[in-house]
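Form predicted alone, single chain, as structure tokens, below.
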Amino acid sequence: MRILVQKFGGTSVSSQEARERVIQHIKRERENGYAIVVVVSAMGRKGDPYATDTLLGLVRAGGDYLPARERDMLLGCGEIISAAVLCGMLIASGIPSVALTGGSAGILTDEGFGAARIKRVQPEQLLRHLESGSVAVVAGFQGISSQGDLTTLGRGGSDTTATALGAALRAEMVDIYTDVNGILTADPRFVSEAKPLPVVSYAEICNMARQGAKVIHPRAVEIAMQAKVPLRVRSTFSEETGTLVTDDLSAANAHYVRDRHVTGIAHVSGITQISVKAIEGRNDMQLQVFQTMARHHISVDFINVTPSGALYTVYDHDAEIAEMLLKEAGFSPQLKHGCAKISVIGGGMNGQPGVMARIVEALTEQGISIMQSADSNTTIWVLVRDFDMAVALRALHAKFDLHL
């Protein structure tokens, strides 16, 4: 069989009209000769009746005493409802279909309720449905533990479901359908000149996703990359093919040539920079600082450690508790609230001189100060003030000609 996995996000299944668009995509690919596995998220977003955040609100309203196992039972309901509703619509339109939970689709996980990891996929039952000619509609975001309990996969879980099934079934492609037409060079809310990217590498989209581009979860991309399953990020509300994610450019387009150092610009706002000076006679300063953050589950980023101190960032919502903990440990931290991390991403920048110079030039021309910087082989990060972020994004986008 030629197998295609299609994943539809919450906005894609949130209304009758949207679900009709979903069915059109399924019909088209069936006519192209594919056996179809459809992975669905819960309907809509926070405030919609069956959205995950809405279900979570039911628990919080009662004091949030629900244990993790039972919480997962509740949160898994949204995707099951989506799968059953879409299955019924497919059958009504003359397409044989079957609805499956993550567990009945063969997704076996550990018992890390709320953020379970997939241990293996046993797709035999799923394959039997495909061989019989049915479309398999699978509830995303969930699996089953060795004890038979429903587990949820955490943030981006439906994307992870789709790529895990794509890998296990050796699918030709995994299509991720959203409400945007592919991956853009920057966030169009801040950069009106942002353009769709026809092709990106796995590494580039992983970095873009980790640094604020919310089109697909990096965990899902990593699974696809390991299995060498191509991804497409597409719009439910368009027939365009969107963005192909692959390391094989020849498979993308025989005539496509990518000759640029930078692929896109991403950002994360709401960040606080923390500076901790070394104290004379305390050689364990760095150890104490980062052990303190780790013990209290505070995520740290943008880390610079020198003999004279430590410089790093946390999210604004963690800043107050981080400051209190550091003072209790005997340090005098200096905090700068309201910062933004901007990421310049591109697989072609590795070993290319002048990329950092152009970043500094673009920001200096706009009078924007760089508070901190770091780099990897595919990304350069700079920290700026939140109020400078939009101007910085536009300046960098223009400096690297991403609008062309």
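Each residue number is its position in the shown sequence, starting from 1. The structure presented is a predicted model; accordingly, all values stated were derived computationally and were not measured.
Although it is not shown, the form predicted in complex with a small molecule is what the next lines describe.
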Is residue 214 a contact residue for the small molecule in the predicted bound form, using a 4.5 Å heavy atom cut-off?
yes
So in the predicted bound form, is the small molecule close enough to residue 218 to count as touching (4.5 Å, heavy atoms)?
no
Spell out, yes or no, whether the shortest heavy atom distance between residue 189 and the small molecule in the predicted bound form is within 4.5 Å.
yes
Even though the partner isn't displayed, in the predicted bound form is residue 180 close enough to the small molecule, meaning a heavy atom within 4.5 Å?
yes
Want to guess which of 326 to 334, 170 to 178, 98 to 106, 278 to 286 is within 4.5 Å of the small molecule in the predicted bound form, heavy atoms only?
170 to 178
Consider the chain as shown here, without its partner, and state which of 86, 262, 184, 118 has a heavy atom within 4.5 Å of the small molecule in the predicted bound form.
184
Tell me, out of 135, 153, 139, 208, which residue has a non-hydrogen atom within 4.5 angstroms of the small molecule in the predicted bound form.
208
